[in-house]
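Taking the form predicted on its own, here's one chain by itself in structure tokens.
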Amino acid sequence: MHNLLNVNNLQIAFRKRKKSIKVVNGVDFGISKGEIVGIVGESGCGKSVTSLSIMRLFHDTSGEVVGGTIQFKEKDLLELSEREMRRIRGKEIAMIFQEPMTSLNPVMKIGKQLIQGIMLHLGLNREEAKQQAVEMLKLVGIPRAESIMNEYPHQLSGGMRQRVMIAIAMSCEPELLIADEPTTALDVTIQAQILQLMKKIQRERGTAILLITHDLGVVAESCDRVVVMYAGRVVEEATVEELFESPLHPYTQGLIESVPKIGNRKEELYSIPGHVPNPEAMPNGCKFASRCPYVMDICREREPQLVSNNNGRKQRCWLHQSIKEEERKTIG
């Protein structure tokens, strides 16, 4: 299937005291039209900055893409001018941010925030844009949509503000929707409603969705395919069924083991031992080696490549790659 988006060998760095620190290194993945792909990993693994790089939203930060390509409909977004990107943002690619209260303009009414984007990208007059804005609010399940148009973000609940963010993102019918932790600040009931809403939009409009999350429950509920990131690298990619039935990478296994289970009466929940390596002092070899229960000599010496099997499943681990027996030598 031809991908709508292809990210190839993406490398992102931030400047600190005149030093360039790479936080994303060689990330590859694709999304097909109408597909929901999840990127999962611990805080600091690089998943959010990866999504920001697609939108080219590193303004006023020290971050920059230092390598790779981001192909959207066979067009490299990294080669476009800022003016060309403004035409794409909101219209062809839209984004739902993690915290709607900081993403919505606090001193602008909801209606005006919706209308501006519709007029800009679709060329409608104010009255036509207003009608479309009301319809979008209704589409995302907001009651009394007409009166909400005249309210400010602080007057709405967290769940309502997130629905408004989705309405703004979907108002110009983008082909790709990027959702960065869209349910983190919401209670479980509202979280389920927001996820169902996103799946409804994907089904009815054929919108491709890139879902950034650390919550494996959200992944299991929503995604077709999953990309697991660790320390700025992709360590595994699989369908949702493959990932949960037979995770290959020890990091993925640890993430799944960390999920609380109904009926578990153990006093302590499992957590992956150790810490994510400092981007300023990345170790040689596999970046997960210091936390891995299956570590071998070669893991500390050489970093494995991300390899794919015949059905497209990918993993970055020496346990599943061909190496000489004398190089294995398990060291605990």
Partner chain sequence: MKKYIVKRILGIIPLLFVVSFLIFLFIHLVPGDPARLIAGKDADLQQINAIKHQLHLDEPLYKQYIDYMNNLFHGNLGESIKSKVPVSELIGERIVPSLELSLLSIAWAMVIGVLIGIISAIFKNRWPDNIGMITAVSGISLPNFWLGLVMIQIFSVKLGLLPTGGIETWKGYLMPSIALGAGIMAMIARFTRSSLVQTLKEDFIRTGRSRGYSGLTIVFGHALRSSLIPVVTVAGLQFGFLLGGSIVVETVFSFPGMGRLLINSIQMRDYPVVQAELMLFSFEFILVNLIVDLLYGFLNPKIRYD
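The model shown is predicted, which means the values in this text are computed figures rather than measured ones. Residue numbers count along the first chain shown, from 1.
The form predicted in complex with the partner chain exists for this protein as well; it is not shown, and the discussion that follows is about that form.
The candidate spot formed by 2, 66 and 73 is out of contact with the partner chain in the model of the complex: none of the three has a heavy atom within 4.5 Å. Only one segment in the set 203-211, 73-81, 111-119, 124-132 has residues whose heavy atoms sit within 4.5 Å of the partner chain in the model of the complex; it is 111-119.
Under a 4.5 angstroms non-hydrogen atom cutoff, the partner chain in the model of the complex has residue 99 among its neighbouring residues. With a 4.5 Å cutoff on heavy atoms, residue 86 counts as touching the partner chain in the model of the complex. When the partner chain is considered in the model of the complex, residue 27 lies well away from it, no heavy atom lying within 4.5 Å. Proximity of residue 176 to the partner chain in the model of the complex falls outside the 4.5 Å heavy atom cutoff. Shown here without the partner chain, the chain has no residue in 26-51 lying with a heavy atom within 4.5 Å of that partner in the model of the complex.
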